[in-house]
Every structure is written in structure tokens, then in C-alpha cells.
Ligand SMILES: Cc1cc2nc3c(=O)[nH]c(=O)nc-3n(C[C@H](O)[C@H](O)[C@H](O)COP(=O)(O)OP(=O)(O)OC[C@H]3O[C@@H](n4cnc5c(N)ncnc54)[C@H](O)[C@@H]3O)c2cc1C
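Only one chain is shown below, in C-alpha cells, and it's the form predicted on its own.
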């Protein structure tokens, strides 16, 4: 049994381990030149808090001991669905089944300066993290675009390096998809207490070169910010390039059945996977779980066994950085959803609340700042 895996993120490595444990020969194709790593920790590498090797998933010997063929700097350029084959580095290889764990690509505002050089950077690969890390001695002012998890952590990590940091969020509050106004206000106050300037309700309309060799960030209210580094942290989109080229069905992700199969012998897992109306949610835990099942199902498909469906569960978001802690899941208050605060508000550094659907009273969301008290129990009630 030979299984080819495209992508070496959390989904890809878990798929490889599951397939190898089931007796398959496994080949992993990674576009990056470094050993697979924990992507959520790239920020701490970029900002100089930890060494690059500290976020590696496993040493090279781990793959060798398990008989896994790990190919680095081997981006897959072509995919043959009918032949269950791929091309990497100009070499075509056929497999009994394939697992697409292509991940996601960062979203960046489409702006360019007069010289045609992209003025905004992203933080989605080890190469990008190392480039920022190398530039740190020359960086004093940072503008972070995006007020969700990656943006908040990037801003706080940069402040730990005593950099001047401004965070821009186009909506009226931080974590707009998870936190209500009050919870987001607590987070914003905590960030401002730590020296981060937060500008909500603003968008970046242009970035130009400044006289001193840095950047001028032009905001929608007409103001300008000077920066040595402008970082886009506004999210990511599934990497659908290969799937589109190969003619696989795509929507917001690569369309797969409940058993994560997009076509006979072609399985999908992680940030690029969409099952029905459930696109990927960018969560490590879900990507890893899908990877494990994709590996097991890929082996079962070869052996003629039964395929198992993926069981979706609640995906919480947690940020702990620089003394700021946020735990949240589900929906904030909005149309048909009301917020119920659970604490007495006596501690300005903490906030605990849940949201309920007005019709029926079902729990729609949980949000906590500065605490995790009772979070898991409330999480278990989400949707009930």
C-alpha cells in the first residue's frame, strides 16, 4: 500500500502517522525546506522569543525511524486524480491513494508601492518568520492589520520586544466573530495597558514608502502611520490551486464527502477540506483529527474496508500571550442571540459570558477574558 500526502502541516503529519501505523508506505511532500513545525508558534519565532528548532514537530530521526519518506522543498506542481499520481520536482509518482492536506494561504491586502514591491508582509511560513527575525534589529515601529488571534498575538509579541505597535481592525471591536463589545473592550484595554495602540473601525487604504526608508500606512480616516514593518494578519483562505487544476470540486474548500473523500482514492484533510456546508475552521485540533481519519480511511480504501465519517465538534479559540488570555467559541450576541454575563464585573481584568439564542434558549457561544473558569463545562453545552 502506497499513500502520497501533499502537505506537511498538522493534518499531513497526522495522516502520515495514522497510515504508517496501519501498514502503508507513506510519502510526504512539503513545499517548505524545513522540518514540519507547529505553525501557530511562528509568531514567537519571528519576534525572537524562541528558536526556530523549538517549534519543530519531530526531528528528522522520527520520520526515519518510522519509515516515512519526507520530501522537503518539494512543492507538488500537478495532480492526476484518475491516475492517483502527482508531480513534484519534475518527477511523477503514482500511489494507491492520495491525501491532500494543502493547508491555507494568507490573505493580504492588494497594495503595492511605487516600486512594485509588496509593502505588506505576512507571517505564514518559516521563511517569512526568519526574514522578520533577521530584520528585528532594524525594526522599531510595527503596524499589524487584523484584530483576531494572529493579529493580537503578533502585536503582543512585538511589544515584548519593546517595539512601537499599532493594531488596525476594520470592524468596531477585536475578535469581532467571537467576542461581544464588552469582552472585546476588556481585551483592548489589556492590550493598551501593555503599550499596544489599537485602532478599530479603520482600514488600510494604501502603504507608501517614507522618506526615511520605512513605510507610511494610510488609513481610511485620513491619518498616516510610520512603520518599519507592516504585517497582514487578516486571515487565510484554503489553498485550492492543485484541486482546481485537477478538476476536483471546490467551494470555500475542496469538497469532500463525510468520510473526507473528494474523489475515489483522493482524501482531503485540514484547512483545505470542506464537508457539505462545513468549510475548514483553521483549527489545529480539527486539522489533526481530520488528518488521522484521512490516513485511516486511505488505508481502508486500498484494503476494501469500510470508511468512517468525520465527527465534527466544537472548535474553541484560545490566545495566551503577554498576560492576555482569551478563550471563546461559538457566536457573540447579534440577531436572535442575546448575551448573558456570568461574573459580577468586579474584576476589570476578567470577563465571563455566554450567548443564547433568543428562541429556544440554546447556548450559542462562550466568551472569557482573563480566565478559563468553567469554560470547558460551558463548551460542552454549546448548541444545547
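Positions refer to the first chain, counted from 1. Worth saying up front: this structure is predicted, and the values here are computed from it rather than measured.
There is also a form predicted in complex with the named molecule; it is not shown, and the following applies to it.
Participant: Just one of 324-332, 33-41, 61-69, 337-345 has heavy atoms within 4.5 Å of the named molecule in the model of the complex; which?
Facilitator: Among the listed stretches, the partner-contacting one is 33-41.
Participant: Going by heavy atom distances of 4.5 angstroms or less, which of 166, 275, 132, 104 would be at the interface with the named molecule in the model of the complex?
Facilitator: If I apply the 4.5 Å criterion carefully, the residue I get is 104.
Participant: Exactly one residue in 242, 191, 178, 227 has a non-hydrogen atom within 4.5 Å of the named molecule in the model of the complex; which is it?
Facilitator: The option sitting close enough to the partner is 242.
Participant: Answer for residue 365 alone: is it within 4.5 Å of the named molecule in the model of the complex, judged on heavy atom distances?
Facilitator: Result no; residue 365 lies far from the named molecule in the model of the complex.
Participant: Quick one: does residue 283 come within 4.5 Å of the named molecule in the model of the complex, counting heavy atoms only?
Facilitator: Within the cut-off, so yes.
Participant: Taking the named molecule as it sits in the model of the complex, is residue 3 near enough to touch it, meaning that at least one heavy atom pair lies within 4.5 angstroms?
Facilitator: Residue 3: no contact with the named molecule in the model of the complex.
Participant: Can you work out whether residue 269 and the named molecule are in contact in the model of the complex, taking contact to mean some heavy atom pair no more than 4.5 Å apart?
Facilitator: Answer yes; at least one heavy atom of residue 269 falls within 4.5 Å of the named molecule in the model of the complex.
Participant: Heavy atom within 4.5 Å of the named molecule in the model of the complex: which residues of 5-22 qualify?
Facilitator: Going through 5-22 in order - heavy atoms within 4.5 Å of the named molecule in the model of the complex - the hits are 6, 7, 8, 9, 10, 11, 12.
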